[in-house]
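One chain is shown next in structure tokens, namely the form predicted on its own.
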């Protein structure tokens, strides 16, 4: 049984996709142990609570010192002894102490085809604004392991999504979620749960 802790900051649409995929059997042998947020108002916490999943909130408002906050966040995750930490719309910069504690055991979903439109400053709608401003024709989403860089860890899965005439950042964001994020995040978790993903020489390898 793969035990996962999901970190969230907002509405929790990717969390919902994970929960639905577990229910539907698309993610096998996996259990969500807890959902942790940096935002006490995150609707994702309500999604978890409705399913009886333990929730915690670790906010910078409550812990202003960065080092103390990083330690508190790590402690919250470690309380559930997860096999995998899943960042599902989590806007917290993951501290190095957590990367060290969970090497190649933290995954993130990024709403673009890394290495395009990623790194510092590219998050949420800003990614899709950048895509439209550049005029690219294809975007998408990437699931990757988290390392000590920003969106630089080994790539597990990617899926392309077409940019359409008349797209706004909000419309494009929704299409990327529906056509890519909600598909490849559950698939990545299932692959990991089935022992199909390994990391060697800085690259993720999938064995189907």
Ligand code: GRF
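Positions refer to the first chain, counted from 1. As the structure is a computational prediction, the values presented were derived from the model and not from experiment.
Below: the form predicted together with the ligand, not depicted.
Residue contact check for residue 173: one or more of its heavy atoms lie within 4.5 Å of the ligand in the predicted bound form. In the predicted bound form, none of the heavy atoms of residue 186 sits within 4.5 Å of a heavy atom of the ligand. Interface membership of residue 58, defined by any non-hydrogen atom within 4.5 Å of the ligand in the predicted bound form, is ruled out. By the criterion of a heavy atom within 4.5 Å, residue 45 is excluded from the residues contacting the ligand in the predicted bound form. Heavy atoms within 4.5 Å of the ligand in the predicted bound form are found in one stretch of 130-138, 108-116, 93-101, 72-80, which is 108-116. This chain is displayed alone, yet in the predicted bound form one of 146, 34, 177, 161 has a heavy atom within 4.5 Å of the ligand; that residue is 177.
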